[in-house]
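Just the one chain here, laid out as structure tokens, in the form predicted alone.
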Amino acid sequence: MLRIGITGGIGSGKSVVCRLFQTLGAPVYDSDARAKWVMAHDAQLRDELTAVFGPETFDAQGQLNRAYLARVAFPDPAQLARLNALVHPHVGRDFAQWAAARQAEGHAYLLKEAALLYESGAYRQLDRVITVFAPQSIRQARVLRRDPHRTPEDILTIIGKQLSEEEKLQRADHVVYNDDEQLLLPQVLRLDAEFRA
């Protein structure tokens, strides 16, 4: 079974491309959603997060206080690195268990969607990587429509913390162009057929 990563900058359309693959029957691991789930449900990670970031990391009901964690970790590169160093190994183990279950089900391939696929080192668990590409101006416009609470400056800050598009394109085994000029479905159908062959 092929393990294929799918990455791209904020607003590139990774989730849309993943939904197309899912429609074709491919299982997709959503790293962001699973990371949130793991942070909320993995007792060891909860203890580690609380020890590093304080008791405010979880609210009185035991729910992850994402706003607090974002406020203390994201602006500070050292704190963000600490957060990632805690979370990524747990998510890696969660992915390995999930992938083993998909292999047992007989899938030809699976996808792991992750914005920080290279930055986290998660690409090392994979056979191939797809980069979803869109020009920065299109990506910014998409994010502003999708996330009205964000400012253009917020988006540029996020883009600045992600690996450059040029680097992602150079490292990719496959590229899906989501630039509002090329149709997505034919690109996804071609890759699906290749991965099943």
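One rule holds for the numbers: they count along the sequence shown, beginning at 1. A quick note: this is a predicted structure, and the numbers were derived from the prediction, not measured.
A second form of this protein, the form predicted in complex with a small molecule, is not displayed here; the remarks below concern that form.
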Using a 4.5 Å cut on heavy atoms, which of Arg128, Arg66, Arg46, Arg171 is close to the small molecule in the model of the complex?
-> Arg66
Select from the listed residues Asp42, Asp32, Glu56, Glu165 the one whose heavy atoms reach within 4.5 Å of the small molecule in the model of the complex.
-> Asp32
Are any of the heavy atoms in Leu83 no more than 4.5 Å from a heavy atom of the small molecule in the model of the complex?
-> yes
Within a 4.5 Å heavy atom cut-off, is Tyr123 in contact with the small molecule in the model of the complex?
-> no
Do Val87 and the small molecule share at least one heavy atom pair within 4.5 Å in the model of the complex?
-> yes
The small molecule contact at Val188 in the model of the complex, heavy atom, 4.5 Å | no
